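What follows is one chain in structure tokens, specifically the form predicted alone.
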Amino acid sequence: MSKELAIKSFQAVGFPTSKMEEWKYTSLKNLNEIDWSWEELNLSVASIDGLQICTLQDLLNHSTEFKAKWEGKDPILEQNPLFALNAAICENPLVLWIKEGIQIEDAVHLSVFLKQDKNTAFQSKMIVFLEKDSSFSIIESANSQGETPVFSTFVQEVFLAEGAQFKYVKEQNLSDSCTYVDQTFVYQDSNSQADTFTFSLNGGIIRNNLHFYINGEQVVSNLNGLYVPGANQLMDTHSVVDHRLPNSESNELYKGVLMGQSTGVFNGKIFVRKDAQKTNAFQSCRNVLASQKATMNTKPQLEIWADDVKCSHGTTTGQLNEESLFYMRSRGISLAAAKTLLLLAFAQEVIDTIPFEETRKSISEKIIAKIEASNDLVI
């Protein structure tokens, strides 16, 4: 489908609205009223030893293993119209290829910068293929500036062959006029491990879709995330972990600190298929409403067709602990400082999962600054 035809097809349907179950709390209806300029955002990373950067066609032509995976992928849920539109517009996705046995120690840095000088809808795409027993890490930073409306859909498709190890840190620090939809698909073969770390720090509307497909045994999938919306910001996380074969493990840890008149959404689905015996799947979502005006919507879901599994999911939403706050105040700590310390302590569990020290420090500092800037924190 051509770019022009894809845009016309999308315009006939429009942006997702609250009438769609998967977008119940995150309607993008207002974006239908804007005359967008649709552009592909070309991404790039520095070339380092062991990393091959190529075109999608080159990868398909030179790797029969990847071609089979690419042609055989089958997302279990119907995606919103944005996914198909992205696929049609992004003719030059960033393709990263790590060949068998290559261990890349240093993380590659990826910058997604949305320049706002007109009403632009940016589309970007990245494909990552790790061959057998290889390892690779990405630290991604998504940024935008200005008051001009901007919309972005960023799709990543990650394929892990047997024994591959992948770490992916996402930092989303966007302007209030930005609507950002991130869609991550991870396909894992036997003995592979994927660790994702998603930190939504700023943005008018941020939607993170994470879909993990476990296609082998002894697979480990770790999904970690922290969202800190303030003012009138909305941050939404939808995750799907699909256990298809036996003896695999998934762990989800998500936390939210909600300030101002913000809204948070978490919808986490775990599927354990009939053949996926001996599966361990755990999901936790905990939230603190640091403002009387903040709202949190949670919907954990667990569907199990196997009978020999260990699975759990849970979600909590509350406010700052009064006793802890009183104790800190009695030790001479100011009210504002006490609230900041308690909220940071709550978030620290997720921050500590980041395997890169400089990134941990940078994200901690930004979260502290945002909490300190909020003037409506409550007990």
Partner chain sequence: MLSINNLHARIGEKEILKGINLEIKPGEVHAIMGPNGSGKSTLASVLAGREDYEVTEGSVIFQGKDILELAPEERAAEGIFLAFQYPVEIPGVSTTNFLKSAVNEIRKYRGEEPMDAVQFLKMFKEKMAYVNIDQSLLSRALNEGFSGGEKKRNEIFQMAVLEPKLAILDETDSGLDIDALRIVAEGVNKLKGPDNATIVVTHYQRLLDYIVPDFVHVLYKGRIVKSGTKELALELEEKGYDWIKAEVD
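Predicted model only: the values in this text are computed from it and were never measured. Positions refer to the first chain, counted from 1.
Absent from the display: the form predicted in complex with the partner chain. The rest refers to it.
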### Task
Let me know the one among 48, 341, 45, 34 whose heavy atoms come within 4.5 Å of the partner chain in the model of the complex, would you?
341
### Task
Name the residue from 59, 350, 28, 328 that puts a heavy atom within 4.5 Å of the partner chain in the model of the complex.
328
### Query
If you check in the model of the complex, is residue 53 within 4.5 Å of the partner chain, heavy atoms only?
no
### Message
Considering non-hydrogen atoms and a 4.5 Å limit, does the partner chain approach residue 345 in the model of the complex?
### Response
yes
### Message
Just checking whether residue 324 would be counted as a contact of the partner chain in the model of the complex - the rule being heavy atoms within 4.5 angstroms.
### Response
yes
### Query
Is there a heavy atom of residue 334 no more than 4.5 Å from a heavy atom of the partner chain in the model of the complex?
yes
